[in-house]
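First, one chain by itself in structure tokens, the form predicted on its own.
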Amino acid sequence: MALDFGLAETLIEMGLPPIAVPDPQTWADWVVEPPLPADIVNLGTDREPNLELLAALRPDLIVTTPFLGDITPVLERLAPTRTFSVYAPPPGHLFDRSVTATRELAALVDRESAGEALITRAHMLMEEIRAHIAAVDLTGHSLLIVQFLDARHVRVFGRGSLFGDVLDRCGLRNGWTRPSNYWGFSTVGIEELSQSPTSSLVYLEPIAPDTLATLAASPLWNSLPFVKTGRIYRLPPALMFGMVPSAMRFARQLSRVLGGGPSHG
């Protein structure tokens, strides 16, 4: 079983879906694809998984992250447990870390060939998108990738984030050059996005309807360069704490809105 969505999506793509995850009802809001199995068991919240249920399911392996480090000793008493530290200090390139973790996870569950196939598909997809970006003369196009926290604040993804790494591999430029945390993002007021005046803005769902309404009426928002020139793209969800499958989903969706690039892979 997987106590992290990034690990769960990777297992699904390798043909070995977990029997249980926390918060499966939020999967469609943050991950979307690959779809969860219909019979997946709900382990409760990601911060406090139901340990009694977990024990009753008698898993042969639990995969988790340092986020649940406080209960890892308990998990280890219930089943063999392996922790994967993709989103943990020190800062690094999260796509590369995801590739490394995919290989380690694949070896752990005897799916080495499936893991390599997933990694190969990701590299091929991004090379195809890079060629498409060059063909439509968008190479080096500068983008700000954000998620709205409310109408005044965003997470903006820098170099080394999963989304920032995808931009690099697809031949696009990240407009956010300030240092980020080890998750790859900075939390800032929307006024700070004006520091990259030539960039287009890409924002990811989900976003609350009242946030959109407030932004539409905001003089500050309407003064920003990308708003004035209409350089704004809205993307369906892609998991910011995901692994290789989330990187692929983000790449496909970004290419689609930038000009009808590859939608498969």
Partner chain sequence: MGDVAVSMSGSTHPPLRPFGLVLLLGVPALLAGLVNLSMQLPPGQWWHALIQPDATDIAELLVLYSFAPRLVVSLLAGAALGLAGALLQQVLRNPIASPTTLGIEAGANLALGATLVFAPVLIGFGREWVALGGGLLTVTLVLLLSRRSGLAPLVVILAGMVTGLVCAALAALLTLFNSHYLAGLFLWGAGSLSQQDWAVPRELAPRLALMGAAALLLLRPLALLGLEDGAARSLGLSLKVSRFTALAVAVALTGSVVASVGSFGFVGLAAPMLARLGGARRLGTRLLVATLLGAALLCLTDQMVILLSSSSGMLLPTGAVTAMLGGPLLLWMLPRLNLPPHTASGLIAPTAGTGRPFMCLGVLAVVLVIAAVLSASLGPGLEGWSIAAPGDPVWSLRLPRILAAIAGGTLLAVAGGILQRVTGNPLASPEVLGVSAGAAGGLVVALFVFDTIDRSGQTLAAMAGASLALVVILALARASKGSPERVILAGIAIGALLDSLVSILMASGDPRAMRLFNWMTGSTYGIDAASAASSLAAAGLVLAALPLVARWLEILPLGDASARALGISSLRSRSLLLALAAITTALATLLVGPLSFVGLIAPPLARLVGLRRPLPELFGAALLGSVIMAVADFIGRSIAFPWQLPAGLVASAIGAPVFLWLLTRKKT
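If you're wondering where the values come from, they're calculated on a predicted model, not measured in any experiment. Positions refer to the first chain, counted from 1.
One more form of this protein exists, namely the form predicted together with its partner chain; it is left out here, but the text below deals with it.
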| item | value |
| --- | --- |
| The single option of Ser113, Thr139, Ser194, Thr100 touching its partner chain in the model of the complex, heavy atom within 4.5 Å | Ser194 |
| Candidate from Ile133, Leu167, Ile190, Leu105 lying within 4.5 Å of its partner chain in the model of the complex - any heavy atom | Ile190 |
| Proximity of Gly230 to its partner chain in the model of the complex, heavy atoms at 4.5 Å | no |
| Partner proximity in the model of the complex: Arg234 to its partner chain, non-hydrogen atom cutoff 4.5 Å | no |
| Heavy atom of Pro89 within 4.5 Å of its partner chain in the model of the complex | yes |
| Contact flag, Pro59 vs its partner chain in the model of the complex, heavy atom cut 4.5 Å | no |
| Candidate stretches 159-167, 145-153, 117-125, 92-100, one within 4.5 Å of its partner chain in the model of the complex by heavy atom | 145-153 |
| Within 4.5 Å of its partner chain in the model of the complex: residues from 20-42 (heavy atom criterion) | Asp23, Gln25, Trp30, Val41, Asn42 |
